[in-house]
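The form predicted on its own is given below as one chain in C-alpha cells.
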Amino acid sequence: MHDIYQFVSGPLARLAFTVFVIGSLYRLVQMFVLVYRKEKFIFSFMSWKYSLRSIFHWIIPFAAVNMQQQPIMTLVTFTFHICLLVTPVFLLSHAVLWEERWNIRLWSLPDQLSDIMTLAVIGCCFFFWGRRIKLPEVRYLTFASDYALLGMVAAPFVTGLIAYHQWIDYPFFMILHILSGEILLMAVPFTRLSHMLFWPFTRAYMGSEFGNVRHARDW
C-alpha cells in the first residue's frame, strides 16, 4: 500500500498536472486557431470594455435576468463552483502540501468550514444528477458521460472526507482520494469540464457582440 501511495502522490501526480496544463493549452490554442480560420471577423468587434463588463456581471449572483428567474439553480450553481474551486486550494492539508513541495504558503480554511464546503459540493452533485433525471428538457441533452462526470467531480470530495476523518481504512481511501483527484484534473481539458477554460472567452465574445454590434446588454 505504501508503494502505491508513493506512486500516485509522486510520478502520477506530476503526470496529471502535466496532462492538465498541456491539454488546457492545446485546447485554447486550438480554439484560437479555429476562430482565426473560420470566423476571423470576430476579432473586429472584440472589446476589452464590453468583455470585462460581461464577465464581471455574470460572476455576480442574481445579476442576470436568467439567474433571477431560476433562483434555486443560481444558488446551487454558485455554491457548487465556489466550493469546488476554493476547497481544494485552501484546505489545510492541501495548504501544507503546497508549502512542503513548492514552498508556497497559503491561507487555509478552518476544518469545520472545509467539511461544510465539501458536503456542499457533494450535495450539489446530487442536485445536478436529480435535475438531469427529472427535467425533460435537461434529460434530452444528457448523455451517460454527464453522469460519469458528476461522479468524477464528487469522488475526490467523498473520498477526501472519509480519509480525513479516518472513518474507513484511511490508507485505501487516501489513495482513492489522490487518484480520483488526478483523474478529474486530467479529464478537464478533454471533457465538458473544459467549460472552465472556455467560459471567460465565451462571455467576452457575447459581451463584445451585444455591446459593440447590437448595442445592448447580454444579461
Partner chain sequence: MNEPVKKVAEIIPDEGIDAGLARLTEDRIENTILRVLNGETGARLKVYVETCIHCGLCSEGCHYYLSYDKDPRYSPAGKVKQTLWEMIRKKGRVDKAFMRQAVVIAATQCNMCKRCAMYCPFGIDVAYLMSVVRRITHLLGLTPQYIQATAHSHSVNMNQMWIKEDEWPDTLQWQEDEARSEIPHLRIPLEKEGADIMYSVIGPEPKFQAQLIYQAAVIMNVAGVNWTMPATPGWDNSDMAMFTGDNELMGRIKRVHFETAGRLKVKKIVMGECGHAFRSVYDMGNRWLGWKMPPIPVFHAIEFYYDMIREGRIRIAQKYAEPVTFHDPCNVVRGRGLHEKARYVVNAMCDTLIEMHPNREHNYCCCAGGGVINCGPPYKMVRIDGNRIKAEQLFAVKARGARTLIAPCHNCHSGLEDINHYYGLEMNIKFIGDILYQVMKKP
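Computed from a predicted structure; not experimentally measured. Numbering follows the first chain given and starts at 1.
The same protein also exists as the form predicted in complex with its partner chain; that form is not shown, yet it is the one meant from here on.
S.K.: Can you tell me whether I4 touches its partner chain? I mean in the predicted complex, with a 4.5 angstroms heavy atom cut-off.
M.R.: Taking the distances in the predicted complex, the answer for I4 is no, it never comes within 4.5 Å of its partner chain.
S.K.: Taking heavy atoms and a 4.5 Å cut-off, does F17 contact its partner chain in the predicted complex?
M.R.: Contact check for F17: no, nothing within 4.5 Å of its partner chain in the predicted complex.
S.K.: Should T142 be counted as a contact of its partner chain in the predicted complex, where contact means heavy atoms within 4.5 Å?
M.R.: T142 belongs to the contact set for its partner chain.
S.K.: Given that the partner is absent here, does H165 sit within 4.5 Å of its partner chain in the predicted complex, heavy atoms only?
M.R.: No, H165 sits far enough from its partner chain in the predicted complex that none of its heavy atoms falls within 4.5 Å.
S.K.: Give a yes or no on whether each residue among Q69, P136 and F198 has a heavy atom within 4.5 Å of its partner chain in the predicted complex.
M.R.: Checking in the predicted complex: Q69, P136 and F198 are all within 4.5 Å of its partner chain.
S.K.: Of 1-22, which residues get within 4.5 Å of its partner chain in the predicted complex if you count heavy atoms?
M.R.: Contacts from 1-22: none.
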